[in-house]
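Consider the single chain below, provided in structure tokens and representing the form predicted on its own.
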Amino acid sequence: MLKDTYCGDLRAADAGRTVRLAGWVHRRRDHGGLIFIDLRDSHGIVQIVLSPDQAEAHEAAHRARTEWVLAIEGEVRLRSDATINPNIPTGEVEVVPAKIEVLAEAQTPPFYINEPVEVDEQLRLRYRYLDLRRPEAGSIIRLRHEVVRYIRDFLSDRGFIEVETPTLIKSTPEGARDFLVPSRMRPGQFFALPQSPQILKELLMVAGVEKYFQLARCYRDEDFRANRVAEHTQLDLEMSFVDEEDVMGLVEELYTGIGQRFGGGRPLAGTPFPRLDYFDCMRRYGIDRPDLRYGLEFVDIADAVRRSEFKVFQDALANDGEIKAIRIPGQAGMTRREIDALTETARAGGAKGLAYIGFAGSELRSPIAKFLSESEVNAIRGIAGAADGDMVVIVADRPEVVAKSLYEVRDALGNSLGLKDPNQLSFAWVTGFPLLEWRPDEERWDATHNPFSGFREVDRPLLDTDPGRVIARQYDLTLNGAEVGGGSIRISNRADQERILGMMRHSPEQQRERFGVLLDALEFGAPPMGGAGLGIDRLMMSLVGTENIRDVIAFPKASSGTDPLMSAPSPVDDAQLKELGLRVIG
């Protein structure tokens, strides 16, 4: 056996043991006679010490370089008090080898592995197998394993069955584009990679499984973002005979446990998780996934300035717009550069500009003050709750522009003022979403989330008179301002499912073609059912404190959508295309 102990597992209690270690040279320091090697494996690092009187082993250590692979047999001994390294778990011990074997030499890596330095993403992903050797990168992959194991144990202990659903399914384009896979045996026909196992898990409920889960790979052919990739992993679960609180309660218990065990001691803000109404979120934060780690909520000041002579305000109100503000405590003295930066942020959100009033004691710091009466200024101050030393920033425009631009301003302030406490895990549920939204360019209704979500029974009459007011039985889970999952209580009868699909302008023929298997199944005794899809990648982002989703995936695609490691996507042979009945054009 080349190895019987992990480097990172050695402790003071192991002193006197003879161990066999194997790993990579993390660092090598030659002090003339003594040679020190930090040997690294998947559990950590331990120091190896060699003196010249260990001739054969010393010679091997003398030749070794960074990232060479060594096997070492030697005795564990305590370090002297003066040489203890308190920064690593193995810092009280070192290993004195009797024998060293070089298992593999290594070229000089294209970037430092033993130092936390900035490296171009394309280069890191091209050599991802080296990037993952870095302790900080490897620890994320191991943490992910522990989180997933916890999830599996948690759900299995509560009667859930893990079922793997197919990754070659029928294309039912809804939302993002499908990835298509041509069929060799059926030329001209295609499979699709699943955007989610939604229909399949509903079929499992009809099949009587009752409690299902899987760690599902899902695919969406859409543009990459910092927190979005084309292929991701989600915890997919479904339950029979449940309502919203049953599903939300289960997920809340699971995520509370994950936060407590893997959150690095960070407190969970608000347990049980707050329940937020969608319309209230939009009114207060301009977005349906608010970051609750800080305030800076919107306030409506339209009534305070309804008779104002300020043309921007007049124009907004004359066109059914809104006028909303954010109070920024203690920031009346913001610099011109800071104000200009916030103004550009608001413009990026669609606003024409950003008005502001700084309440600097007895003085007003504001270019719009000359257009406002004293009573209007006092009314703004009262509604915003502004004290001396506070700044109030204002956007007047169409409701959607006010929401978008002030959200961007609030988010930028959260960053610049250091309000996004990285040591806090702030979960919340958002409910009360509209079931449908009107698409004027297509002259049809569309699902705000997916066409399988149920709706409140009390709203049934509105399907005929005012479909936009029907509230879905949908619930989204947010964490620190990011959506980390969502689900709903499903439609569980054919008539309602056909009705919703019809409102979305799916013809009866299209319904049979795309959703026929589900519609048929709903006629064979479908139970009330509900579930959720919860993004493992985004959860891991919050647990490790990164804003880049590629940091928490073992082999991610680059932001360009390509795979630098495998050089994909890539052309294929003409023979392969011919066999599939395909021809590349353009």
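Because the structure is predicted, anything quoted here is derived from the model rather than measured. Counting begins at 1, following the sequence as shown.
Keep in mind the form predicted together with another copy of the chain is missing from the figure; the text below concerns it.
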query: Close approach of S507 to another copy of the chain in the predicted complex, 4.5 Å, heavy atom; finding: no
query: 4.5 Å heavy atom contact, G16 and another copy of the chain in the predicted complex; finding: no
query: Q189, heavy atom within 4.5 angstroms of another copy of the chain in the predicted complex; finding: yes
query: Distance check, F262 to another copy of the chain in the predicted complex, heavy atom within 4.5 Å; finding: no
query: Residues Q47, A60 and R550 all lining another copy of the chain in the predicted complex, heavy atom within 4.5 Å; finding: no
query: Which of 541-549, 25-33, 52-60, 39-47 sits within 4.5 Å of another copy of the chain in the predicted complex, heavy atom basis; finding: 39-47
query: Residue among L254, L203, L501, C281 with a heavy atom within 4.5 Å of another copy of the chain in the predicted complex; finding: L203
query: Among the candidates V209, A412, L123, I88, the residue which, in the predicted complex, approaches another copy of the chain to within 4.5 Å (heavy atoms); finding: V209
query: Those residues of 1-31 which, in the predicted complex, come within 4.5 Å of another copy of the chain by heavy atom; finding: M1, L2, K3, Y6, A22, G23, W24
